[in-house]
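Next comes just one chain, in structure tokens: the form predicted on its own.
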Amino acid sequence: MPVMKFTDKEQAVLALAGADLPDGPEPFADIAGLAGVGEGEVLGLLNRLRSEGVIRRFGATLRHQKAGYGHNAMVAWLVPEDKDPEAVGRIMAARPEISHCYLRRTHPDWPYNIYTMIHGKNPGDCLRVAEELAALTGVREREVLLSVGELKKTSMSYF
């Protein structure tokens, strides 16, 4: 894929759109005002990048710890060869306690191929969800990595 070139104004729009959206009834109009462009230019740029597959979606990010979900676990799952990892991943991703679900390449020393990030309100919630997923999918082999603290949580900044 070739490197995309953006004008200074497009970079300003994308920098503002990639940060916290303005807290008001017309956030894209607010971004336009801050970037010195019209609201139609902001929406046009974002829609164009979405239709080209550069961005997938625009959505809110829940700060799970502030919302009361202070217990987290990354679970690495070893989906056996007789199961479809994408089908297993879809089952896992459907759980509301899971914010991220990834299919990854394996390594001889680390054979796990599905990764889920599970969030819970109470100690033991993540382990309970992992056990329920194991029973639901038949995927038993896993490594549970409980979070002990958050060191960084920021969105990417491109401009």
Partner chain sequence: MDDLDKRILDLIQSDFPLEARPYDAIGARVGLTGAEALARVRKLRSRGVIRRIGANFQSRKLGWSSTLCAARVPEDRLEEFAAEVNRHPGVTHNYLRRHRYNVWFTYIAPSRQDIEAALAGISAKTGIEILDLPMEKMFKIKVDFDMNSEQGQDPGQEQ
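Between two forms, the rigid core is defined as the largest C-alpha subset superposing within 1.5 Å. All values reported here derive from a predicted model rather than from experimental measurement. Residue numbers count along the first chain shown, from 1.
FYI, the form predicted together with the partner chain isn't displayed, but the following is about it.
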4.5 Å heavy atom contact, Gly138 to the partner chain in the model of the complex = no
Any of the heavy atoms of Glu131 lying within 4.5 Å of the partner chain in the model of the complex?
-> no
Is there a heavy atom of Thr7 no more than 4.5 Å from a heavy atom of the partner chain in the model of the complex?
-> no
Hey, in the model of the complex, does Pro27 get a heavy atom within 4.5 angstroms of the partner chain?
-> yes
Stretch 14-46: residues contacting the partner chain in the model of the complex, 4.5 Å heavy atom cut-off = Leu14, Ala17, Gly18, Ala19, Asp20, Leu21, Pro22, Asp23, Gly24, Pro25, Glu26, Pro27, Phe28, Glu39, Leu43, Leu46
Determine, after fitting the two forms on their core, whether Gly120 shows a C-alpha shift of 2 Å or more between this form and the one not shown.
-> no
Residue shift check between this form and the one not shown, rigid core fit, Gly138 Cα at least 2 Å | no
When the two forms are laid on each other by their rigid core, does Cys101 show a Cα shift of 2 Å or more between this form and the one not shown?
-> no
A change of 3 Å or more separates this form from the other: in the model of the complex, the C-alpha atoms of Ser99 and Leu21 are farther
Pin down for me whether the Gly53-Ile98 Cα distance shrinks or grows in the model of the complex relative to this form (closer or farther, change of 3 Å or more).
-> closer
